[in-house]
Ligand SMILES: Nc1ncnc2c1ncn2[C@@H]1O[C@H](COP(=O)(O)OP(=O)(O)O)[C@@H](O)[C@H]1O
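Read the single chain below, which is given as structure tokens and is the form predicted on its own.
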């Protein structure tokens, strides 16, 4: 009989992702972070090694990597040295995360006071083999306040063989009592050029063909994080093989090409709302994430604004040279004010889509609003048209027709008049001017009657308010006018005269009711400047108030 044997599991090593395979092993290999590397190298060379460090910064910038390199520098057989050998047992075990004296703690799952008490007990024992006992606490901001308090004394005065390294993406959550006892290093996001250069070197080592456009897409996906960019590179290699194509990589990562985003600006240039709706329909049909598109659209308008301000040679836009040149050409079609307005509207749209149950509807109305915002006229230009001589340019056909000016009181004013308390003072009915004019003619006082005919007269309480040209002031100050007012209205009235000549002061008077208000509104609406203002800005004049009254 044939002999049956059980095959042992394959001993071939498993695939190691690029982010781990090319993880820096020395300070020189770390991308960027020169301020951190220089300080730590000098501290090791001068034997000024602190007992506690805080490494903070965004994800994927090398915090934990630098912490491991620091542990290798301290425990290398040739150390402490800023250039570990990489071949001794300590260096190899730290690289493989198996060193007994380098303890890595995930604070996300070991955040309580019991775990910190156990760590405090572990600190008391000397290293089993190496020179230093290094505690690397990742995601340190998730440690509870009670656990930090339990660790406070240990971090302040640890044994001479202990070094703490706290890594965090949210340094503001570390208590000030802990921060004051450690040296704090802030890791910066990696620049676009540094990211593309690092990935180009890795692609060369791996035998991968990737042009500048592909590397730019991968670097943009990382947003300053080396690990995120390398993870995207690993994903792209798995999809495309040894030759990376920009279109395939964009489709894989859900990114949008400059040509697809340019459709939006083309619709803005032509003021085409229909094209905007077609853009949304194409996104929906192709299964794109609308929220992701709105985020990329906001980034696109931001880049256009930066190119419009700084030019195509700016380093403020994370894109290749060809893309920056294209962005500069597109931005030249818009003003800074327009691009600022589009950026704000796209940011508002992205915020609304986070909570929308109908993202397509929100995206459609948001893109249509961009078109409508492009039609707005700057206030300076509108005011300049008001003062410019000659006929005003014709209003576009899309503008709605202006309603005819209202000549009577509005329904709100009529309702207020009905609800207002009625005056109890007994004032005879009829126009005061007509009654005075009739009485003076009957008495043969023609000179006073002529003065009344050319004046506006109202009664307020015990005052007879008169507005007339200055030449009639003598007549209204005559005693005969006061006597005539007493006879006509049945009570003594104090005559208060004000001139209506230009530049002359006038006493405050209560606005006349009825025809006086309508006359004032009609005169104001007939003014050429007012009519021109309404032609430019539209709207409805609801009320006219005389500033002299």
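Note that the coordinates shown come from a computational prediction; the quantities given were computed from them, not determined experimentally. Numbering follows the first chain given and starts at 1.
The same protein also has a form predicted together with this ligand, omitted here; what follows describes it.
Student: Hey, in the model of the complex, is residue 494 touching this ligand, heavy atoms inside 4.5 Å?
Tutor: Residue-level check for residue 494: no, no contact with this ligand.
Student: Does any part of residue 65 reach within 4.5 Å of this ligand in the model of the complex? Heavy atoms only, please.
Tutor: Residue 65: contacts this ligand in the model of the complex.
Student: Looking at the partner-bound form in the model of the complex, is residue 22 within 4.5 Å of this ligand by any heavy atom?
Tutor: Answer yes; at least one heavy atom of residue 22 falls within 4.5 Å of this ligand in the model of the complex.
Student: Would residue 49 count as a contact of this ligand in the model of the complex, using a 4.5 angstroms cut-off between non-hydrogen atoms?
Tutor: Judged by the heavy-atom cut-off of 4.5 Å, residue 49 is well away from this ligand in the model of the complex.
Student: Which residue, 500, 483, 29, 41, has a heavy atom that falls within 4.5 Å of this ligand in the model of the complex?
Tutor: Selected residue: 29.
Student: Of 227, 435, 288, 324, which residue is found within 4.5 angstroms of this ligand in the model of the complex when only non-hydrogen atoms are counted?
Tutor: Contact residue from the list: 227.
Student: Can you tell me which residues in 26-60 come within 4.5 angstroms of this ligand in the model of the complex, by heavy atoms?
Tutor: Sequence-ordered list: 29, 30, 31, 33, 58, 59, 60.
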